[in-house]
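What follows is a single chain, given as structure tokens, in the form predicted on its own.
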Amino acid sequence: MYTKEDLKNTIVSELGEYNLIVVSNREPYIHIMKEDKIVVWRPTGGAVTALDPIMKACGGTWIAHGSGNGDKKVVDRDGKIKVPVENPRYTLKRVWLDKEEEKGYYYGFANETLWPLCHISYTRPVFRESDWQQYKKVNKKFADAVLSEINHSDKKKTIVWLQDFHMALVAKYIKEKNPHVICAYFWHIPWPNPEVFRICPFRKEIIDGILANDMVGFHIRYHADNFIDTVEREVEAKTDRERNSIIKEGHETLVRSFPISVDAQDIENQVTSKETEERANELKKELSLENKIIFLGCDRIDYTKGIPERLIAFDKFLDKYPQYKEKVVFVQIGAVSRILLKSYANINSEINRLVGEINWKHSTSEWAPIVFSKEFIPYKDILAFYRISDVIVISSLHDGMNLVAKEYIASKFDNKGTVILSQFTGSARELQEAIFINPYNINEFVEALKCSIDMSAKEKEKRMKVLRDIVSENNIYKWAATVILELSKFYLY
């Protein structure tokens, strides 16, 4: 199993003295004012979950949008703070956005244009010139923050590691002012086929921005191939299918697939702690989950996650197999997100309606089939829910990877538990011992719920052991080392 120390050794041997800068929209720690006190929240999401352990292991600087209402109160005059607060391991540098920038860049172009464009969940993308202009403006702001860090660093080598669809133009703006900086980019969501992407009016500029990077990574080979296909159709460039590279105007960009993962050992350590055990027992009592078979859904409230489909399937399951009434509970947790957007307000309303109808239909005086919480849930509570649940249900309509599946598997130290997994997630390529579903096929979904209960304990344990071996072996440190080994090719000694 690859460890933190292995990753550190890889960095030292392959890159020597280096300055690592990670750039993302979402910050790994958010400071919130709550009852005149500042509390620290750890946001959910694949990029944060994956990259925070790497930065703790390697150090460096993480540049992100400061979104918390207490963020400015804790940073120095350069917008920096050492994190995590209880054991500082790296620097978080915050970039400040005004309301117009956040509206156009984040809510507009990132989440009303790129998000639905890249996720095949049949939500129509919106293309507004004003959003595009704000997206470019904010990408320049992030690029300037990076260049400022480079100019003040005493290290000669710099790797800038850009994260996700919010940062498509940052490398271009960096290279215009400092062409010697090595820029790598990881696109955490799916890349659609060329026929889908070609409807974007700004497609050529987006592709040009991405090709300014020295390397572009995707979760799976299919998304990388889609990107290369898109480049071939949209811009003047030479593609090399054997090297998986693209050369445009003399600059080569490597295109790679790196299936992202989690810190499996750290998750297991936290789940097996006395604190998590006690919290798990508290949750069982608070939510009347004792002696129940617990299904768990853990997602942001997002139309790509297939939450209505799983609720409908659970309703049909109770209709078809009424013998399980009062024996099972579906716990759905996940904070509301992007509620200012109509599509997110609509999905939130639909989920509320379904939960209300299903609970009214099936409830008894002492039992409700669905427990639904859309409040922010601390990570330690998420781990407690992993510990007590019997089945995780992941029904994404389209997903880049989905790290909830891997987190859940890492938490199952006793090899108990079952994974129901959408075939439209990136993680489905690796996690072959899961019970696969097409979330659009409700009848199949119902039978998967039944199978997860009826499967023998021996078979469940056998499957979970295989899944745990996969997640443990291909952990976040191995993922980072694989990326770094590719990046090391850009340095000439």
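Predicted model, so just to flag it, every value in this text is computed and none were measured. Just count from 1 along the sequence shown to find any residue number.
The same protein also exists as the form predicted together with a small molecule; that form is not shown, yet it is the one meant from here on.
In plain terms, the part of the chain that comes close to the small molecule in the model of the complex, with a heavy atom within 4.5 Å, is 375-383 out of 375-383, 238-246, 171-179, 137-145. In the model of the complex, no residue of the candidate spot (Leu97, Asn111 and Ile339) has a heavy atom lying within 4.5 Å of the small molecule. The partner is absent here; in the model of the complex, the one residue of Val231, Leu397, Ala313, Met401 having a heavy atom within 4.5 Å of the small molecule is Met401. The partner is absent here; in the model of the complex, the one residue of Leu92, Ile159, Cys298, Leu211 having a heavy atom within 4.5 Å of the small molecule is Cys298. Put simply, Thr61 is far from the small molecule in the model of the complex: not one heavy atom of it is within 4.5 Å. A residue is said to contact a partner when one of its heavy atoms sits within 4.5 Å of a partner heavy atom; Thr49 meets this definition for the small molecule in the model of the complex. Contact annotation: Ile189 falls within 4.5 Å of the small molecule in the model of the complex, judged by heavy atom distances. Remark: Gly334 counts among the residues lining the small molecule in the model of the complex, judged by a heavy atom distance of 4.5 Å or less.
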